[in-house]
Structures are given as structure tokens and as C-alpha cells.
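The form predicted alone is given below as one chain in C-alpha cells.
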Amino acid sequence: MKKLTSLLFLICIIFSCGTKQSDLAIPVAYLQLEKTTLEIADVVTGLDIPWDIDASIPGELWFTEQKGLVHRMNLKTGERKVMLALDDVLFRKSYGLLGMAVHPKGNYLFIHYTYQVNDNDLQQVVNSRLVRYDIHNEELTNRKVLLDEIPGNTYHNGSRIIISPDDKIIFSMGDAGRTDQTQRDDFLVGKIMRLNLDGSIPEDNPVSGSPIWSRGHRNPQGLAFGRNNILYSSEHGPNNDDEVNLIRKNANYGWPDVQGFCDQPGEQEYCDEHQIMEPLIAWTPTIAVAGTGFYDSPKIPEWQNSLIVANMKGRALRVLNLTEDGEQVDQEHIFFQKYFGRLREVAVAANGDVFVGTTNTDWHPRFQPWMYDGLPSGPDRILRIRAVNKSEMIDSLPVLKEDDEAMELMSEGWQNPVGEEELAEGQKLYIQNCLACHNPEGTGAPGLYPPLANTNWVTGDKIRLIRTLLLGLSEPIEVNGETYNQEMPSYAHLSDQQIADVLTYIRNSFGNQADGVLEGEVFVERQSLNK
């Protein structure tokens, strides 16, 4: 019977069985728990960095792609529609369209995204905003900006959005690289915030007239409500102490003065003085905790009253069983380690289905290829996890089990060492493309072409340098106190590797000494320009 079922299933896939093949939830593996068998199936494939997933509306799945797309999918028919394509999103590396939430009544969509403040593509100024749309039939209407001009950066913009049981917007924001502002109530970075659905400030917020609910966060990227309306958040640490926190009104979580628990010299005194909330659990080395969902369905009894946390660097799904009161982690379980790659988001539906989004096409695998052995290739996907009877299983598919222990994580070491081979390739490209204007010694030509030697323009911001080659220059620039106004053509015709090679050579020649440029870094910048 199982073989016949498998054959019929294969025939159904080939001939579509009344719907498109891409719209089917296709089983790819199983997970065997102590008592329950779980099916893992592809629900959506062919995605480019899905960031957020929302399963609040029965029978529907809403999800985003970081480049600025919001999708709505009918889970019964497989029909999918792009509900929103942002035209002002600034998408690059770790920013773009970030948090999203759909109101459980299906009447509002909330999104948070970054945008460019200035007109300079070489040195972009980043802000972000929180926006609400009305959901009317098959359209989004009545766009309303709820929070605007939130200071942003090229990193740590957060974020997650969730609707609370008392019908408030809960919105997390990273420190945006402004660590000195996470403890200040006049800045919204490094905070978890609470607003009314119309963007006004609830009267019972801890700071009068402010959306701030808690402070001292580094980069919270997961939000979930558990039993008794307890709010949980997952948060990225630096090189240590990724955290899961229980979020209290007006509480302080210590960043940047406290990392994880109050267990280091100097931290305890600060914790006592400022009444710092310690995490429920922390991981060192960091596993890059991301989206978090609360599971309480009897469909998977082993996971009842648990937080399900996606891990990107850790490449796993962690299930944290909670104590009855929800205020402690009782047990930690690790699943899918390395199997599906980097996992960014978790959404739990009312019927007990769990949706998980992969993030294998983002910038990390290109910037840190040494960390991701065996990373699945191809586009990203959304997986559905649900309980099934063993009689429904397809014999040919793998059956996974809980991982016995956490895998060993390699160093994140951001420095890219430069070898003789890279310099030789870069030198050839420099001679062919750059030498005529910038001279063999990189000194340039006074009043005409800027020097490449001994200047922060070369050894400083790599993004600016990469974009200069991709875009060219037609405006005046100042280098070492001198203004230059000669046009430089675009070198976008060079491959990502060639641009990386020539820039690596320039950054390590003519008296310069800086880390090299990776092919992946060029890829990310080119991709953002071609959006």
C-alpha cells in the first residue's frame, strides 16, 4: 500500500493533479520524535531571502522577501499573489524589508523596512519606518506610516513585529550600531516597542508618550507570546551570548554593558545597580538565533509549551521546553542540524502546523564560506512541519532524529587574508584598467585623478569602494583634502571575482594594508544595485 501511495503521489506531481506543481506541499523528509512522527514538506520554493512568515490567518500564509516583496498564499489551493512590492526599500546585506505581521482578524498588515535618506549611492544614509496597510479583499490600501525616521545602519536594524493578545503592536529594533543609545529613552534603537494599532502610544506604556516597552537590546530578531500572555524574544549576541529573553514591561536587558548573564567582572555591579533582566538561556559561541514561535498544540505533544527557535549560524531548529509557569527553560532539543542549512524564521499556525523559512541565499555564506560546509544550494524555501500517521509516510524519504549534541562552530573571523595569488591576479587587472589614470605607483595625477596610495578612500569603507567600480564616478570627490572632478567609467562589466581581485590588490599595494575584498561582497552590492 505504501508503494502504491508513493507511485500515486509521484504521478500526481508529474501531472499536477489539478494544480501547479510549485503550489503543492511536497514531503521531503520526516522527523521521528519519541511518540510523534512529523512530516517536513516544501510549501514554497524558489525564494530569495525570505525574512518573515505569518500564519495568523487560518488557511493562509503571508511571507516576505528581503528585497521588498510581500506574498499571500492560499494553503488550500496553492494560489499565491504578490500583495506588495516596495519601491522605496533599501535592500542590501542585512537590511531591506524586515519585520512583518498580519492582524489575526485579517484587516491590517504591518511591515518594517529600511530606506535611503540621501541621494548618494556611494555613502548611503539609512533610516527605517514602521508602516500599516489595510487589507481589503485582494488589495492593500490606505498606507499609513506609524513610526518614521528610525535611525538605521548597514547592520542591526532588527526586526520582528507581532500583535499582542490585548491588540497592540509589539515591534523590536536593533541597536543600529549605536550602542551608546540603547539605554536612552530619547532614541528608539535597541528597544522593544509597543503601540496601538493606529500608531498612537498606549496610555499604560512605561515611558509617557513613548513607544518604548523595554530597553538594552542588541539585535532582537524573534518575538512570540506564550501562555499567560508572556512575551519572549530571541536576540543576537556579539561573539558570545545569543539570548532568549522573557520580556517585561520597562525592563532593562543590559546591552552594551551586560552580555548574557551577569557573570563577568564588572557586570554584576552594573546588574545590581540597573536591575538587569538576565536571559532564560544563552549560547556561546553564538548560533545566530532568529525567528521564534510558541508551540502549544496537542498535535505534537512533545513540543507543547515550548519555544521553537530558528538558528542561522547554528543551522538547526531548537525546541525549548518551558516550565509550567513559562519562566524557565526546562529542556533544549536540537533538530535538522545542517540538513536544511540556515534557518531564519518560524511561524506556528492555529492548527498546529509549523512553518520554517531557510536563508541560504543571503550574504553570510558568501562572506564566510569557510563556515558553511555542505550548505544546501539553490533558492530558499518555506517548509511545513506537521504530525502525520506512520501509514502516510513515503518509504523513499529520509527519517531524521533529534541531534545528540550541538555541532562545533567555526570562528566567524571576518578578516580575509590576502595571498600572493590574489595579489597577482589583481595586479594584472590594475595594469589593464587602472594604471593609465592612477599611475604605476598609485599616486594619481594632481588636479585630475585622485591617488590610491595612503588614503582612507581605499583602505576604509569597502562598500563605497565596491560601488565606485560598479557605478563609476561623475561627481566631484575629496581625497586627502584635495577635490577631483574627472569622470571615472563604470567597471560593472568585470566579474564579481575580478572586481574583488583588483580592489584587494589596491588595498594592499602602494603602502596600503587592509583586508581583502571577497567575491561575495561584490555580489551583494551588484545585486542591490540591480534590484
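Residue numbers here begin at 1 and follow the sequence given. Just so we're on the same page, rigid core means the largest C-alpha set that superposes within 1.5 Å between forms. Computed from a predicted model, the values in this text were never measured in an experiment.
Omitted here: the form predicted together with heme C (HEC). The next part is about that form.
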{"query": "Option touching heme C (HEC), based on a heavy atom within 4.5 Å in the model of the complex, out of V356, V458, I161, L231", "finding": "V458"}
{"query": "Proximity to heme C (HEC) in the model of the complex, single hit among L31, I506, A55, V44 (heavy atom within 4.5 Å)", "finding": "I506"}
{"query": "M393 within 4.5 Å of heme C (HEC) in the model of the complex, heavy atoms", "finding": "no"}
{"query": "Close approach of M83 to heme C (HEC) in the model of the complex, 4.5 Å, heavy atom", "finding": "no"}
{"query": "Touches heme C (HEC) in the model of the complex: H438 (any heavy atom, 4.5 Å)", "finding": "yes"}
{"query": "Proximity of N485 to heme C (HEC) in the model of the complex, heavy atoms at 4.5 Å", "finding": "yes"}
{"query": "Stretch in contact in the model of the complex with heme C (HEC), which is absent here, among 65-73, 461-469, 32-40, 46-54 (heavy atoms within 4.5 Å)", "finding": "461-469"}
{"query": "Residues from 229-255 in contact with heme C (HEC) (non-hydrogen atom within 4.5 Å) in the model of the complex", "finding": "none"}
{"query": "Core-aligned C-alpha movement of T483 between this form and the one not shown reaching 2 Å", "finding": "yes"}
{"query": "After fitting the core, G260 CA displacement of 2 Å or more between this form and the one not shown", "finding": "no"}
{"query": "C-alpha of T443 off by 2 Å or more between this form and the one not shown on rigid core", "finding": "yes"}
